[in-house]
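Just the one chain here, laid out as structure tokens, in the form predicted alone.
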């Protein structure tokens, strides 16, 4: 559905994005991630036809966005981080306005508006001024305008920014449902959200793609399997002491108790040493039964920090 070939954008001596190549298949929900200044917004602005490229091209359903911008824009619905809302309009008036801009006929307009308002659940506020709506409802109205004309592609930039936890879950569920009928590119700093919604992620840093795969495959590729959590039935200090004395253990930390009479301990080993058998024998000898042993795969946050070499905290 979307094909990006050698996409490059320069501003004077600064290269915002550098020879990007990727595809997004029809019906796929893609997470597009990167630290601030990595080139995410530049890429999305090119895909939506807002700015031009310096080199390379972007195709939507085989159509070059620079050669046939009107055709491509009809295929794309865009929700920017700050939705382009008009506070002095009611929700109905605003969606009427968007329908007119997108060239919908009167019959299409009514049918489209009713369907979209039902989908994003804004029918109960359709006669209210937008400026009087809550942040969550404004975000829903922004998503509604992106859906006008039933575009095949949705590009969503930080769709849950500023929302409370309940609103985040509602918008996340809505995006999951939209993914059944649309191709979606989702940019977000809330990495748990991306893990929940997206089938594949692309991570960009300093204008270049540094990772592209499913979250599961990225975790497998970067994780050496050296960190695990073990639940032991026994006294915490003594159990911790036994584990620390096992050959190959690099780090052991108490994590508290989840069950009465047990302790959870995070154990990290030297990558080339498998400590599972020595751990079993040591605990058995000390008469501290192992009730749980689980590998701790990398989270999307861990992957993001590794591939972008970021030391700052990710929300």
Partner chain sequence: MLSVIKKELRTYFTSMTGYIFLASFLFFTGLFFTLLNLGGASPNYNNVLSNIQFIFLLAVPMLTMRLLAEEAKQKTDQLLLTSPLPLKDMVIGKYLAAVAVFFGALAITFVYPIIMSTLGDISWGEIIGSYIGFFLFGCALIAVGLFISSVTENQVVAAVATFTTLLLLWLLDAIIQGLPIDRTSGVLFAAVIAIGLAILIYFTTKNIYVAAGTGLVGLVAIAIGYIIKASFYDGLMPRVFQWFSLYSRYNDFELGVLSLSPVIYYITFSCAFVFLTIQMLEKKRWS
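Every value quoted in this text rests on a predicted model; they were computed, and no experiment measured them. Positions refer to the first chain, counted from 1.
Just so it is clear, the following notes concern the form predicted in complex with the partner chain, a form of the same protein that is not shown.
In plain terms, the part of the chain that comes close to the partner chain in the model of the complex, with a heavy atom within 4.5 Å, is 52-60 out of 285-293, 52-60, 22-30, 259-267. Site annotation in the model of the complex: the residue of 85, 119, 190, 133 reaching within 4.5 Å of the partner chain with a heavy atom is 85. Distance criterion of 4.5 Å from any heavy atom to the partner chain in the model of the complex singles out 102 from the list 200, 227, 208, 102. The partner chain is not shown here, and in the model of the complex it never comes within 4.5 Å of any heavy atom of residue 254. In the model of the complex, the partner chain lies farther than 4.5 Å from every heavy atom of residue 152. A residue is said to contact a partner when one of its heavy atoms sits within 4.5 Å of a partner heavy atom; residue 273 fails this definition for the partner chain in the model of the complex, lying far away. Mapping the unseen interface onto this chain, residue 89 counts among the residues with a heavy atom inside 4.5 Å of the partner chain in the model of the complex. Not one of 114, 125 and 137 places a heavy atom within 4.5 Å of the partner chain in the model of the complex. Although the partner chain is not shown here, in the model of the complex the stretch 61-86 places heavy atoms of 66, 70, 73, 74, 78, 80, 82, 84, 85, 86 within 4.5 Å of it, in sequence order.
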